[in-house]
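Here you get one chain, nothing else, as structure tokens; it is the form predicted alone.
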């Protein structure tokens, strides 16, 4: 296995290691079991959305409506639980709701050929405003006692959320490497016309990827909602930027066709740690967004340099 194949992932991993070393020197208490557990729990829903976003970007598309989808699925989960739907049925319900919203995006983008940035921008506004009109800004309260942590208690509930996120990561990583559907995603993102000539249907691949994106967003929304005693109607604000940033920082090419979920995991961990690291280091947390932006720009610049280096070597 050549390390050169993992240049993007190694770069993100080195940046993450440098961050951990710096905060470890400034505040060793950062590595307490309680803090590390909170970091894993807070970033698990973001990781799930970033997994779906990785596949969307791999096919050369983008989805900036996931934050609004996340909010819709969160509120829907609360409403369903309060109306008496058994806790074990909540997951298939929110998966269906999320997949339906993703299918609508996939229909417009994959089947009709509309630009993904325009479609998902429109849906970002539509779902958020529709939810605001429906809920009038009110949070979902008076949830059944077994809704929080799925009735398992905090310790087991936290473990379940992190375990589900990691299991999904491993499952989709295996799918992308070993199954025909995974290879089709890379093929469409690399060259849609060549993929079509090879017998792959790019519209179907793009449609399916957006369905998966919606389903994973629904799963993330439920796993996040059960952490609390009430569900806010404005959940998921800024989630789309976090997910896209994690994918790009993790080395997935924004133009599609190249990238791995291992890099997405590292990117999500890196970006999700910055805010907490700043707090422990005694630095104003308002610097978090600026630092994240600098890291994203650095990742894009590094990606461009790697592409130019590869092209020179091929000549």
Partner chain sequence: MKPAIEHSLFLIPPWYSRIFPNNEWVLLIVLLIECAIFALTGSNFLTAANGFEVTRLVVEVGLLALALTPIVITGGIDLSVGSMMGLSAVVMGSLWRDAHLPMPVAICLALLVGLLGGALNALLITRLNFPPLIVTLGTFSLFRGLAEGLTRGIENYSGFAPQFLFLGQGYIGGVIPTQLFVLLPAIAVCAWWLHRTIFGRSLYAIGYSSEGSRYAGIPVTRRLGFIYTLSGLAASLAAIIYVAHLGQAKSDAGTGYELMAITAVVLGGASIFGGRGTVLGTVLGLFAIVILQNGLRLSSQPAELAGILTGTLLIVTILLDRFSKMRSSHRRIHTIAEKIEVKNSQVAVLSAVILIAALIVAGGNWLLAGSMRQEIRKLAGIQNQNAVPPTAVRKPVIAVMPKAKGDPYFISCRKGIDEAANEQGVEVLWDGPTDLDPAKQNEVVEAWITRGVDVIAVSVENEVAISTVLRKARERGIKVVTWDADSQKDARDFFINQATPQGIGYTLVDEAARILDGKGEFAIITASLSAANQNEWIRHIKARLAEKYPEMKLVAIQPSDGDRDRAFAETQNVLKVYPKVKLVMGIAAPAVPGAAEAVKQSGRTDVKVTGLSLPNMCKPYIHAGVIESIVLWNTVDLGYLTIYASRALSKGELRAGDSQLNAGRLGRIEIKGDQVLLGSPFIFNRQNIDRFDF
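Residue numbers count along the first chain shown, from 1. Rigid core here is just the name for the largest C-alpha set that superposes within 1.5 Å across the two forms. What you are looking at is a predicted structure, and each value in this text was computed from that prediction instead of being measured.
Beyond the structure shown, there is the form predicted in complex with its partner chain, which is absent from this document and is the topic of what follows.
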{"item": "Options 89 to 97, 195 to 203, 172 to 180, 229 to 237; stretch whose heavy atom lies within 4.5 Å of its partner chain in the model of the complex", "value": "229 to 237"}
{"item": "Position in contact with its partner chain when the complex is considered in the model of the complex, options 211, 164, 124, 187, heavy atoms within 4.5 Å", "value": "124"}
{"item": "Its partner chain in the model of the complex: contacted by all of 149, 158 and 297, heavy atom 4.5 Å", "value": "yes"}
{"item": "Partner proximity in the model of the complex: residue 24 to its partner chain, non-hydrogen atom cutoff 4.5 Å", "value": "no"}
{"item": "Partner contact for residue 59 in the model of the complex: its partner chain, 4.5 angstroms, heavy atom", "value": "no"}
{"item": "Distance check, residue 244 to its partner chain in the model of the complex, heavy atom within 4.5 Å", "value": "yes"}
{"item": "Any non-hydrogen atom of residue 114 within 4.5 angstroms of its partner chain in the model of the complex", "value": "yes"}
{"item": "Its partner chain in the model of the complex - contacting residues of 37 to 52, heavy atom within 4.5 Å", "value": "38, 42"}
{"item": "Post core alignment: residue 299 C-alpha displaced by 2 Å or more between this form and the one not shown", "value": "yes"}
